[in-house]
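Take a look at this single chain, the form predicted alone, given in structure tokens.
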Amino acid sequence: MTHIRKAVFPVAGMGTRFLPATKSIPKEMLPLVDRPLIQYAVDEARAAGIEEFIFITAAGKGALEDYFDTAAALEQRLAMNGKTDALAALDRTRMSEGSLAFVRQNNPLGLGHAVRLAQRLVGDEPFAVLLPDDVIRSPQGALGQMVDAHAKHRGHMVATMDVPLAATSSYGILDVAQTTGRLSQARGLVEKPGPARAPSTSAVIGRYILEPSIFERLANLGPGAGGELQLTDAINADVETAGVNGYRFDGERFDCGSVQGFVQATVAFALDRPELHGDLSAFLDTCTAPARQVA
């Protein structure tokens, strides 16, 4: 049992960087090796003790709901044909009855708006937010690491990693007051500052543990950058009351919201698989060998 029982998955984005593939397939259903992106986030949440899964979706995302439903006809056919390995592969997609909820975000008004839509289902308890675009490769899931730390320190908690100063304009950046081990007490967050304005190189990535007070802050929040409700602004508004900590997780993060990050993650996770490693490694060696001269 854990004190963080519920997780919110904002999955309403259009995935335009993956067009034309995402014209008919939700970005979160794109396969990373042989599992869709959303499965990696759900597996990480389950490993951290999450019991209730709240998906903030949009039109055209029905495949997400179908994916976690029972495929009775498929399972029956696999069983009849003795496909036990294929049946076992479906185990990851099985969720406890009543553990899933899907909420429509009719207008793309930002991450803060998506989180606010989960208020009725979250209630008055701390909860997690996972952005499936950020896939983290680690022995213990990043969220599980954060849950352990949050049990001791409470307040809002964001996952962080160190980035080059030149890259700070691509991230929310922590304004660090003091650091002890992997935990940094923060004065607040600065959204995508240029190198000259960045208060640190501690970048926020898509894992959060939020206190329920965030909903009041979101309710009183006006539009921020891009005319959207920014979760960063709500967290900043709650610094004095709830406090904010950054947690530098142990692991490697892949930005699977970009084609380059998605390809890199595919190679890394495939190389982790014993049955794929040898042939893939040999193939990669041929790809990096000097090009042959054509007569």
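Since this is a predicted model, take the numbers as computed values, not measurements. Counting begins at 1, following the sequence as shown.
Below, we refer to the form predicted together with 1-O-phosphono-alpha-D-glucopyranose (G1P), which is not included among the displayed structures.
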Is it true that 111, 131 and 171, all three, sit within 4.5 Å of 1-O-phosphono-alpha-D-glucopyranose (G1P) in the model of the complex, judged by heavy atoms? yes
I'd like to know if residue 206 sits close to 1-O-phosphono-alpha-D-glucopyranose (G1P) in the model of the complex, meaning any non-hydrogen atom pair within 4.5 angstroms. yes
Although the partner isn't part of this model, could you tell me whether residue 75 comes within 4.5 Å of 1-O-phosphono-alpha-D-glucopyranose (G1P) in the model of the complex, counting any heavy atom of the residue? no
Given that 1-O-phosphono-alpha-D-glucopyranose (G1P) is not shown alongside this chain, does residue 192 nevertheless sit within 4.5 Å of it in the model of the complex, heavy atom to heavy atom? yes
Hey, in the model of the complex, does residue 232 get a heavy atom within 4.5 angstroms of 1-O-phosphono-alpha-D-glucopyranose (G1P)? yes
Answer range among 176 to 184, 144 to 152, 89 to 97, 206 to 214 for contact with 1-O-phosphono-alpha-D-glucopyranose (G1P), defined in the model of the complex as heavy atoms within 4.5 Å: 206 to 214
